[in-house]
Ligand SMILES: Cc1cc2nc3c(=O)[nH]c(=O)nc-3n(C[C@H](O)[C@H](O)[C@H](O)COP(=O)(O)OP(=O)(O)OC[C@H]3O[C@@H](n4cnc5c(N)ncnc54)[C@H](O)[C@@H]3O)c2cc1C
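Just the one chain here, laid out as structure tokens, in the form predicted on its own.
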């Protein structure tokens, strides 16, 4: 078996969220009046921003639409009765990822998942020469897309694919939906080329949610408080209106997903500049939904946390992660256009597809091995509406554009803002810190200017 890799050959990065938190009653906000910075969203980026603002001695308020922190990092028992990551399940870049150091200080138990991936061809595991052939095709395609991107040709990645023969559909699935959450027709070659290779991966025993919960421990969050309006028309402050009341802030950091913003879930007054709106549209999320299902007794001998890819004839395929956390259940990752189609069809359709897939590769009786199952459909989560971001063809500059403040005082953060770690927990966290730093600089400059005015008048 080969350890083939492009960005760690699919770190399994999905989305960000954290350990469940009990819902608060729909009462007035516990914070009122003025704060220095209002932060919209309590995922990895929002928590990072709040910590940064607090460390600078500035006041803040964090508003979360849901009843838990974490966004697309979510550890829960669900219907299976065992804690598992329903969103992001791994983190990478351990040497440069601030969350790894925070987690170790908090006593989070990290471990390295098995590096090997398995490839199935029909009803058997691939032979050595097939692993070699597939790996060569994967690297050849990746190099072709990357070369176009590095040359500044901002094209649809699918246009640069060479003829890969029998591996064409499988490679297109791996480099497209599985790695980016979108089909290669919707992926910018430049954006693809910028994705930084991360060969070291860590998971958390008991779920990734405990890592973000530890990081969020000092942060106060207003739960069940969706922000519905951000009004920058006031001279001295910004009005941030939630379903439970309003506050005034001198700067706002928005960390909700690009799809939620594109759907108009927050009203901006005045409207966002066209430059910002266009940048958001070009960074729409793809699909990264999941069927979690039991496989009692590990009937197919999957390794712990092992990625399974099947040789495909077309785009109608999924990847599996077997024995998640060394327990007898698995993930089926529904990604890209086909993943969205199946998620829209519902949990029963997703389960039926997985049953047919297992039967086609492990025999007709394989369907009987599936125990309880549950779909996790991020594309249906009201304040997320998708998986992870990737730039559309022609939109490779959008991450930089979105990093510019709107109306001088609105800053954006999230996995969509990091140019090389997009789609990752680390990218979201670092973007939150960057947005907080930019907001603090703006506040400092404004207060310096205000102090200078009386001095000039006195002279």
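Positions refer to the first chain, counted from 1. Please read all numbers here as calculations on a predicted model, not as lab measurements.
One more form of this protein, predicted in complex with the named molecule, exists but is not displayed; see below.
- No residue in the set 157, 391 and 418 has a non-hydrogen atom no more than 4.5 Å from the named molecule in the predicted bound form.
- Of the stretches 107-115, 287-295, 338-346, 162-170, only 287-295 has residues with a heavy atom within 4.5 Å of the named molecule in the predicted bound form.
- None of 134, 268, 383, 300 but one reaches within 4.5 angstroms of the named molecule in the predicted bound form through a heavy atom, and that residue is 383.
- For the candidate set 324, 279, 184, 227, a heavy atom within 4.5 Å of the named molecule in the predicted bound form is found for exactly one residue, namely 227.
- The closest non-hydrogen atom of residue 192 lies beyond 4.5 Å of the named molecule in the predicted bound form.
- In the predicted bound form, the named molecule stays beyond 4.5 Å of every heavy atom belonging to residue 361.
- Though the partner is left out of this view, residue 86 does reach within 4.5 Å of the named molecule in the predicted bound form, counting heavy atoms only.
- Residue 305 falls outside the set of residues with a heavy atom inside 4.5 Å of the named molecule in the predicted bound form.
- With contact defined as any non-hydrogen atom lying within 4.5 angstroms of the named molecule in the predicted bound form, 333 is the only contacting residue in 333-366.
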